[in-house]
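Below, in structure tokens: the form predicted on its own, a single chain.
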Amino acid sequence: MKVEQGTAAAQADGKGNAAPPSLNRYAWAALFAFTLAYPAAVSFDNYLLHVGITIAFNVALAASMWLIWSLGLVSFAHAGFMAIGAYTSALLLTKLGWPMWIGMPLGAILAGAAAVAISLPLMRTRAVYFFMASWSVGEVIKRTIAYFDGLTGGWNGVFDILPPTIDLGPIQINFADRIAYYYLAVVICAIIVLCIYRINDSRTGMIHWSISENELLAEHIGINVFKHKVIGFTIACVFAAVTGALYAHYQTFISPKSFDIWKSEFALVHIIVGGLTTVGGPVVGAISLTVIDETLRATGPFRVILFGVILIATVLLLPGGLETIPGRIRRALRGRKSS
């Protein structure tokens, strides 16, 4: 079976013009190089390193939600699965003394199991009903965590979540150091984005886009739509849980309010502003909007208003998202040469 939607979605610039694969590779290579050099570029400033770590969290969360979007679904349960990963790793550390290296994979496994169980009925809903059901799932997870206050601390949360360490004799790394944690966050974020990129670039990615384009037609040509939805949703939730564990050990404190619906909403906004058709969309959207949000912090009460204006302007002036800018520039240059 050949599904053209997958390859078109992977490289389209938003107006039907494909970006050269070499250009995409150069863009990813340049982004990776800048990411590695970022601490030195900002003179190892702690605040700017914090911004870099926050960007890594937002990129990982937005990219994992984008995997669900490629199936034609919008999930607001993402923050809930992020909470599962965060609380699993945090509680294993504070209650049993188990480090993040154990808590993170266990949290991912628990989130994956919960995602499979929840997605079995959830994937039988469509459109707005799926949206409402996923929002309910996120709220149920958050409030369930708050209910068992004897274990989770309830609404007061969990304190003293220590950053991880590595002790291999001659090699000792304490991730309480912000530079070390920055590179840890970047590595995990890069792994998540790379996995999603490879999924999207494979036959599975083509199947996802065919389901998104026309679910009924996909069923008629032999695609097991339900199975692919469950698997894709589960993988995305596992990545969200990994991000949650990383987030918890960085913040050193979490509460159910840390994982309210706004976490999912902002991830969705990052996708919409960045672009919906390639993995680069949520990456660019998360980076740009995180930087803008931090820049506007100095404006105090006007921060939300200005942020909203920027979002509206982006959606109106750049339909297709920020990922369409290279294509627009190429078309403008071609038009100038032809004239």
Partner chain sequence: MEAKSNMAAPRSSWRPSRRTALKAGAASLIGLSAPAIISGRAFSAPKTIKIGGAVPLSGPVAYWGISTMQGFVDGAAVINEAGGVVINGEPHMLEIINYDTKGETADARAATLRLVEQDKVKYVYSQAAASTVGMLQVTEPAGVLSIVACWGYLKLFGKDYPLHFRAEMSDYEQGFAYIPFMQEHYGKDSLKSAAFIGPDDQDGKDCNYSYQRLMKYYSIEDKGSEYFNWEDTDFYPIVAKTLRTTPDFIVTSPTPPGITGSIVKAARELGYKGPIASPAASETKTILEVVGELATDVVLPVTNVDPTTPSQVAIRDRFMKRFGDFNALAGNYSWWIYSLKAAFEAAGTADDPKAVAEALGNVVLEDTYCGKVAWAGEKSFGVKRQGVYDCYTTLIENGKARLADVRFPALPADY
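Residue numbers count along the first chain shown, from 1. Please read these numbers as outputs of a predicted model, since none were measured by experiment.
Below, we refer to the form predicted together with the partner chain, which is not included among the displayed structures.
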Note: exactly one of V304, L36, A30, A41 sits with a heavy atom within 4.5 Å of the partner chain in the predicted bound form, namely V304
query: Is W101 close enough to touch the partner chain in the predicted bound form, meaning at least one heavy atom pair within 4.5 Å?
result: no
- Task: May I ask you to state whether F233 is within 4.5 Å of the partner chain in the predicted bound form, using heavy atom distances?
- Result: no
Worksheet entry | Q251 within 4.5 Å of the partner chain in the predicted bound form, heavy atoms | yes
>> Just checking whether Y183 would be counted as a contact of the partner chain in the predicted bound form - the rule being heavy atoms within 4.5 angstroms.
In response: no
Of the candidate stretches 103-111, 251-259, 164-172, 88-96, the one with residues having heavy atoms within 4.5 Å of the partner chain in the predicted bound form is 251-259
Applying a 4.5 angstroms cut-off on non-hydrogen atoms, the residues of 149-182 near the partner chain in the predicted bound form are D149, W155, N156, F159, R178
